[in-house]
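What follows is a single chain, given as structure tokens, in the form predicted on its own.
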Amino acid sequence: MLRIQDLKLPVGHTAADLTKAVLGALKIEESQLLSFRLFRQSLDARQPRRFDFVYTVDVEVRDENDVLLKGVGVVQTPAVFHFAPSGRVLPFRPVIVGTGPAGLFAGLRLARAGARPILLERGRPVEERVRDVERLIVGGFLDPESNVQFGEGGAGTFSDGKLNTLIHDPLCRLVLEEMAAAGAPPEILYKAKPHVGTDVIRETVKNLRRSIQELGGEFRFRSKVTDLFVEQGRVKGVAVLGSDGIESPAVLIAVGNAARDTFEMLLSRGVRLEAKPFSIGARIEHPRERIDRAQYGSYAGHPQLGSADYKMAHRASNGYGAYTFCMCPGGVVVAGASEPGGLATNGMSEFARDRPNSNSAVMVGVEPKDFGGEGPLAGVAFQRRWEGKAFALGGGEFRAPVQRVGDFMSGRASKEIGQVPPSYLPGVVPSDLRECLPGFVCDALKEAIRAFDRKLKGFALADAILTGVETRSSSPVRIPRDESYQSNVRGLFPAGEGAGYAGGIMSSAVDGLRAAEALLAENTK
């Protein structure tokens, strides 16, 4: 295969236009072209009156050497990364705690190596978990073990399903291929900003589970790990719901960033933890069509573009960094709580991204010095404090406090909703978010919203809605590990977002694969 880069075509082009561009780049006749497939598609929107798609295309031709000799600027397609076969089968069954992206992809790697992993999940399988989330949304009933944070697929199952990432790891391509094979849209293999949506990722998660099971892996749901067995600094197994437990000298811990009780348990068993920076803020909602017009101008609504997204950052005068995070075009704000008496929000979009509002988190980075306490779990206490204030401000039953952006910027409580209806369920209460966010965070957010409005016209729309609070952008702790991916307790392999090594579906999945490979290497020497 040959790879052509930087093919530019305007928005509105046809498949025939793309074929013609491929032939022109290679300087060949159509009879010499056997096939081609898209490797990458991105959007060049730097010119306000002209938007172009930029393509990288992999091509198969009749005489590859002849094309290469023409010197037309193509290269041979790089080989896709694949794991080498394991030297031998493990003499025991490894245990994976958590079935988010890190746990699922670690399970897939171990299952393909013949290790028959046991995957323990405190929540329910995804099809049952959906009903638990619906009960929270409709009636304000929270199942602390099965919700937006806990259950098969992890928190990413109830999100926009973004698969873009800032990491540059050859395993990213492997993750995309596995997800496409499991039912995710084929376009994730070439879109610069791929996403699957909460509706599609649910089916993808189920298919990944079936693949692991077919290879000998075992899933145990409603199986919360309540203890870690440690002898002389080494893992011996885990206890599940206070039972006798499961013996294993290798435990891959892939819990999400909301697994606060698990962090407490690990700390009590001598596992080293440390507080780490994370972010806190709120969700902001605008009319989707307004964001589309601000980003795409006259191209807004074009079927080739879909709903517009954005990503912005600002350093406030008080020294704190503010940024937009997990932008959900045409999506909704959802209840992300996982504990009674605490309220947290999240964003979610379906694959079509066609709901009336677009939302994003507007966040401010906080560090251990801001937590108001000492110790590895100081960040957890910080989160709980502000989530508790938000719950109380909403009046209980997981109704969320909301504030018009105009009121927030003017420093007054909202008394009513404007022309942008909030999407959050089970309900909202007009409030003053200064009562559930630190003062320095509010100051940084006000300044950032003004700065973002200069970059994206209408961002500071007075009737846009802020919904509080967002606290689960990343883990408040890190479980230190060495180059073998093990913690100070040998045989314990921390991985993914909860352990502090990832931030999103893709990076979590890659980290799970790397940790699983390290587990195999450590135990097949």
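If you're wondering where the values come from, they're calculated on a predicted model, not measured in any experiment. Quick note: we count residues from 1 along the sequence shown, nothing fancier.
This next part talks about the form predicted together with a small molecule, which is not shown.
- Heavy atoms within 4.5 Å of the small molecule in the predicted bound form belong, among the stretches 446-454, 344-352, 273-281, 416-424, to residues of 344-352.
- With the partner omitted here, the residue from Pro401, Gly331, Gly154, Pro117 that has a non-hydrogen atom within 4.5 angstroms of the small molecule in the predicted bound form is Gly154.
- The partner is absent here, but in the predicted bound form a heavy atom of Lys162, alone among His314, Arg202, Lys162, Arg109, sits within 4.5 Å of the small molecule.
- When contacts are judged by a 4.5 Å heavy atom cut-off, Glu387 does not count as touching the small molecule in the predicted bound form.
- Gly496 belongs to the set of residues with a heavy atom inside 4.5 Å of the small molecule in the predicted bound form.
- When the small molecule is considered in the predicted bound form, Ala515 lies well away from it, no heavy atom lying within 4.5 Å.
- Heavy atoms of Glu285 never reach within 4.5 Å of the small molecule in the predicted bound form, leaving it off the interface.
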